[in-house]
Each structure stands twice: as structure tokens, then as C-alpha cells.
Ligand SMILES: NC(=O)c1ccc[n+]([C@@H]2O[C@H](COP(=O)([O-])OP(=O)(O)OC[C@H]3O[C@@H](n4cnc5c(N)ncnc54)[C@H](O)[C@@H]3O)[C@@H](O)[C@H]2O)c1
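For reference, the chain that follows is the form predicted on its own, supplied as C-alpha cells.
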């Protein structure tokens, strides 16, 4: 404990936390946070759960040198599930102007959150990180800054808020690789088998499986196995950008990806224009769905999405060629479309797309599992570092991973 606080001048609070505090390493993070913010702590009570399903309970008295330090400390401790012990409701501030929150607004994490209103704890819906909590007569909801409207009442300060971090799942050890972080030494076939188990379990729970794909899926030969997964009913939505769709269609129409022949890996003569030829063909057809319905497009990832009725969202970017007529070029609309397809998701597979994976992770609550597959371990690390701590990295070639995944599912 820190000795830098004068007992006469120190401010104190009592906080409580409950959950799998030891094996999820939350308790040591709580202690470290207090010390990091120049505070000190005294454990009033600690109860250890006796079984796998029993939570542990911690009651802690914390001290800080001044009110500002205490607020900063409480802000960090809230994200670890530490709630100040009092009976007050969450304080609400009035939004006076569209898209403008009160200065002391509470910014959400991606963990389950509850707020106390009229003496009762209520669960916050549409949980996501970096949002405000709007309280209405019908409940509490996460709402983005740009969606705030004058007259909304948002949670401010640190009182009456309870955050429940996700804990290690001690009773489901056959999914243990989900908590093992990012490793280039993990055996691909082991990761594939466990991903298959997750896919099947997610389906049994009635939850959606969403694929986030980059163009490297096509470049590495993952087009056919991903199309197979869609055709077999393992994919409920596809999220990507203009590039993955363009090169998928280029491969289906012209047999190349970025002008490289898929059959032998050689450069196609004048192949540099093939992606533009693919975009032009879709414009002539009137869109991707129309190209499928007119038999202009007869194979590939987007073809299988249309045939199976699987929704897809293509988010545009500044560097897009074309783009395809189906690409959403308004970024706010693209974010909304992504978020809509992520509702009800229990598992998200991110395949070779750092930016779209980070964006998707920021929209998800922490209880949705994410498997991030990329040849570059830095991609999975960046996804996790930007707040999506539940993401697990599988460092391998995306095409190889998809091929093994499709064949394993077929075999089982």
C-alpha cells in the first residue's frame, strides 16, 4: 500500500466487487490501480467462492489524496467492476444540444453495465464501449455521441453505476484456448478444431455467427472454403469493405485476384485492370444481387451470400476504386449497418482485416467471442489493445485456416 497519503487530508470511499476475481486476475488489477493512482487500500472483507459457479466478493476501503485523484481512481475501478457502496441513484444530466453531452458524462466500457434508477438496478441495453447511457421511462440504453438529442437524460459522474467484467469460464475448459491470448506457436489444427466447437455451440445457443473479411481472404485462396461455410449455413452475416467484394467478384468472373491468376499464381497480362472490369460488370448488372439473379455472377463469396439470403455490408474507404454500387460510402451509415448485423451475435470471426476488425470489436459487448485470424500477430494485438480484450488471435495464413475449417466441419 502507498504511504504517500496524509491520513488527515485523504478522501476515502468503500467499493465492492463480485465475480471470479482471483482466476480472472481482476483483484490484482484492482489493487494495482489504487497504487497506480497514488492511493492506498484496506481490505474490509473478502469472500472466496467455494465452487466453480460461486463468485468471490471483495469489499475495499480506498483513499486518495484529493477529490480529483479519487474521481480518476473510481473511473478506472468502475471498469474493473468496483462499485462505490452507497444507495444513491445514478446522477442524470440533461442534454441541451444535439450531439453534445454534459461535460461530466460517463463513458461506457464494453462490459455488462447496470445503473441505479428510482432505487432499482436496471441493465443497460445495446452495450458497447465509448457511448453514453441514456435513461428513459422504459429503461437505460447505450447511445453514441452523435445520436444524442436535446432533452435526453444521460448518466454523469461515477455514482449508481455497476460494471460487470467478463470472467474466465472455469466450467468450460474445452474452450480454454479462448483465454490464451495471441500466439504464433499455437497449432493451427487445434485452433481450427476449437473454432469448430465454438461455431457449433453458438448455433446451439441460437446466436448469430458473423464473418469480418478482408481481401486477403481471396488473395490466399480462402474464397472457396468461405463460400462453402456460407452455403452450409454457418454464416449469418458478412462484413467487409469494397476490396473483399471486388476481388471476390474479380476471381469469380476473371479467375484473378489483383491481376494474379489463381490457378498458377502468375501475373495475368493486363491483369491490373481486372478489378475495374469486375466493378464495371456489377454496375452493368445493376448491383451484386442483380448480377447473381441474371447469372452474370455464378460463384464466389458474395454469390453464396445472395443465394443463401445472408446479409452483407460493404463499408467504403477513401482509397476505394469504383467503388461497387453496393458499397456504403457514408461512414455513419456504414457503422449503423455493421451494428445492425452484429445484434444477436455470439461469435465473430475476423479474417485478415485489421481496420474492419477493430471497428467491429468497438461495437461489440465483451461477452461476444472474437477469433481474429491473421498472418501478422500485430493485427490481433491491436484489436485487443483497442479495448476488445475478449479477442483471441490465431496467427496463420487466412486461406489455410479457412480451408482447414471448412474441411473439419465437413468431416464432422
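None of the values given here were measured: they were computed from a predicted structure. Positions refer to the first chain, counted from 1.
The protein also exists as the form predicted together with the named molecule; that form is not presented, and the subsequent description refers to it.
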query: Heavy atom within 4.5 Å of the named molecule in the predicted complex - the one residue of 300, 222, 81, 241 that qualifies; finding: 241
query: The unique member of 333, 317, 88, 294 whose heavy atoms fall within 4.5 Å of the named molecule in the predicted complex; finding: 317
query: Interface membership of residue 130, the named molecule in the predicted complex, 4.5 Å heavy atom rule; finding: no
query: Heavy atom of residue 379 within 4.5 Å of the named molecule in the predicted complex; finding: yes
query: The named molecule contact at residue 369 in the predicted complex, heavy atom, 4.5 Å; finding: no
query: Non-hydrogen atom contact residue 259 with the named molecule in the predicted complex at 4.5 angstroms; finding: no
query: Listed range touching the named molecule, judged in the predicted complex by heavy atoms within 4.5 Å, from 52-60, 36-44, 348-356, 66-74; finding: 348-356
query: Heavy atom contacts to the named molecule in the predicted complex at 4.5 Å, residues of 204-223 in sequence order; finding: 214, 215, 216, 220
